[in-house]
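Each of the two blocks below gives one form of the same protein chain as structure tokens; they are labelled structure 1 and structure 2.
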Structure 1
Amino acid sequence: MTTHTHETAEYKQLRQTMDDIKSLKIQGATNVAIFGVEAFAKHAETVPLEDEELFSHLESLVEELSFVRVTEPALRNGLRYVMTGIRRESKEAASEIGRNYLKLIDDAKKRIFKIGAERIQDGSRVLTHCHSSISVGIFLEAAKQGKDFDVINTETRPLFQGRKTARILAEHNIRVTHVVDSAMRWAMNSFNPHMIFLGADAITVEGVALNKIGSRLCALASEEEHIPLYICTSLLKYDQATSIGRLSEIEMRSPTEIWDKDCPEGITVLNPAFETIDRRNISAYITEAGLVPPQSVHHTFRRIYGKQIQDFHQSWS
């Protein structure tokens, strides 16, 4: 009996992963990349197709998966990495190639946690927004090193990802103060945090970061209160398409996440998921390559990953 492309367990798992990314069961740019690349690579290895049929099937899946959440270049870079690897080697090597990308992410995370933790001292107070696994990883590393500090975090409407951050910190005995998003500037003024740590979903060629809605307000308030703001992220989130002039897209999510059943007729509810943080407001990126100023992100990305991740310029021309 012939197995069809859509019947394998790996294909079903890939579809499930896409649903979980869309619904935010898998949340945060790093996890989106990890789970997306893993499921794609396993499917690529087992799909019962060869040659042209194989590549056209995989390319269409790359297109679909890349835009399940539009503001996620770490996933797109990972899919590009796997496709390049398959073309160079064979589809039989796909899972291993996928694991190599996950290792890049994992190595980057470990380095960022250590480098970021250097910034935290006894008595430090840090403000964060939303749930960034990278920012949280830095806090946990600093706590592991025995540093005594506290964190202020926002609840992050409409889906309350900030509660996840607060829960994890509390579970690790890190003092955390939780406020509503609109109290962000009030919290800066009242508690004088020494610095702000935000994650990133995407980084553009100009060194602009894209992160959860509210991040730009946070950056503007940090300017008013003179608080340094760091973006804690792997350079794998660099959006290569921005270097040929494309704009990084901002995902619009369903209005029902904000106001569902009892929303009266005649009201337009908008739910942008992310916004840009001007590079002017970014003191530095805390990355696997160390602290990187916004204007150096593009060159640092190419220096570190240029050989491993197919250059966007090549694939585009």
Structure 2
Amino acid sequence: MTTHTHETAEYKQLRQTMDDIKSLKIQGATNVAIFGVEAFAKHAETVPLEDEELFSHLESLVEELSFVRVTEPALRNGLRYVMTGIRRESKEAASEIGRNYLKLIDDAKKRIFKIGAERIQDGSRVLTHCHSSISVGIFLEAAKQGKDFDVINTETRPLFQGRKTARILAEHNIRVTHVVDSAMRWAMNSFNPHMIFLGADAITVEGVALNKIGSRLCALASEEEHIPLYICTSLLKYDQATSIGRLSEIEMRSPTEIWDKDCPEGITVLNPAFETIDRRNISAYITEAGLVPPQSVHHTFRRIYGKQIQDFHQSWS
């Protein structure tokens, strides 16, 4: 790598973006993908390298950026999308290719909003956990269509992302009931919701979803109460690496988020950020391709995005 590579403004911005993702200044799978892909594409377009030296440099950055946060396949798919496009065209097209990926995300979300809103009818009660921009988008679309419904949501400790959901819904005059995380099973029993909408940070080849900690408890309680559970997400969050054996990792965040001051010595505080939701507990994925059964996620992803996003089989061969 040349000295000039480090000196470009675009390279410095990429490094700053990586730091912001790692420090959680940039949060949410979609935001991580947007900022990460945009910064990477701008660097790829301006880096003073060519041919194999260029691809060796970019591939090393793809590997590094992909695992700044371990549960971010939407970012990894975006980086592969940009690399696939550069190899077919040229590095001069990188920014445009990056913008095309961001448009893919945006178009997918808009389609999911409409598909998910079809599941909500007048009088519906929907329970959700944490903050999912796609789940919230579905609720807003249903309200826009004039549907009258209720949402029950959790506060989502330790950073209270559920409060963001509650505020947005209240601002749009959607009735929302807010409960602590540990009351989710009680809320299901008390309010008898018709369905549960959860987002996802990642999807594995087995059709397992990874989402905010507490999601598996939600899924198990939904099974006990016989409530259908839907994962509302773009297929761009499918983790291709799981199809060749790599296990999805659970990110462990800082214990100070849970107990910052006056924590006595001798106490180990753990802060797992995500957990898995077994495909047996998922009624369907609500995606840009419509409602997809968990066992069909891999094939649906390949059908829609296979030509645009280089598969990990190819990049590892």
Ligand code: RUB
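Structure 1 provides the reference sequence; residues are numbered from 1 along it. Predicted model only: the values in this text are computed from it and were never measured. Just so we're on the same page, rigid core means the largest C-alpha set that superposes within 1.5 Å between forms.
> Mind telling me which structure is the form predicted alone?
Number 2 is right.
> From 200, 44, 127, 101, grab the one where the chain hinges as the two rigid parts shift between the two structures.
Residue at the hinge, from the list: 101.
> If the chain moves as two rigid parts between the two structures, put down the smaller part's rotation against the larger in degrees.
After superposing the larger part, the smaller part appears rotated by 12 degrees.
> For residue 52, what C-alpha shift in Å results between the two structures following superposition on the rigid core?
Reported C-alpha shift between the two structures: 4.8 Å at residue 52.
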